[in-house]
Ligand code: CDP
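For reference, the chain that follows is the form predicted on its own, supplied as structure tokens.
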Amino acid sequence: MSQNSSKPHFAIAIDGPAASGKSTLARELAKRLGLVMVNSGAMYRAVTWKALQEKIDPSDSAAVVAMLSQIRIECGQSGMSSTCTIDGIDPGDELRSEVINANVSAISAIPEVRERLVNLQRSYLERTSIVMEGRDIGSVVFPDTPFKIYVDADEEVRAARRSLAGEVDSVSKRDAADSERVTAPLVVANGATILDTSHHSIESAVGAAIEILTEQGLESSQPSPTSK
């Protein structure tokens, strides 16, 4: 798709439960459209990583909030992908560890954590257009964007994908934690179109997403150049 720098920056919101395929879809969609892909989940995982590094119980909200006031969180981009560092450190592959998987939902449920990270997520639009994936992007972070897709898949399919990725946490337990939390629960955002990826290949899912976005008003000339 061609680029037009005269148009304002915009966000494409990709939401969905664990292992629904939203990260892969967002990444491939961003490549197709020439946009920056932002993984909001990595931000919550980075804060979880820092809490565990500091020997803080992720369920101790007061301790986590106290830690927040003492750390520097920086979100940026490297090429066409988002980055997130804590006090200048990129946790890298540690963000996908079993211990992070087991504790990130507790961290994500803390209102003060969400408020700080949502502000950082929104700041991306100050410099570029994005495809952002997560669990509250269309409902909380960018509720006014017209471009919203809720990615889902059968629980059995998602569990198999999780296992294939070497992650052993329970899909059903993660779903319950994400959907039942008081702050920014996982929901299908108003205006979002549901895309079931259970029987899609990556290529066909991207094609289906492009069709949805076109129906939602994304024009072929819409993407704007990303910042360097």
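From a predicted model like this one, the values you see are computed outputs, not experimental measurements. Heads up: residue numbers just count along the shown sequence, starting at 1.
From this point on, the text means the form predicted together with the named molecule, which you will not see here.
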Between the options 213, 205, 11, 19, which residue brings a heavy atom to within 4.5 Å of the named molecule in the model of the complex?
19
Counting only heavy atoms and a 4.5 Å cutoff, which of 101-109, 142-150, 69-77, 84-92 contacts the named molecule in the model of the complex?
101-109
Under a 4.5 Å heavy atom criterion, is residue 122 part of the interface with the named molecule in the model of the complex?
no
Quick one: does residue 191 come within 4.5 Å of the named molecule in the model of the complex, counting heavy atoms only?
no
Would residue 50 count as touching the named molecule in the model of the complex under a 4.5 Å heavy atom rule?
no
For residue 96, is any heavy atom within 4.5 Å of the named molecule in the model of the complex, or not?
yes
Counting only heavy atoms, which residues in 174-190 are within 4.5 Å of the named molecule in the model of the complex?
174, 178, 181
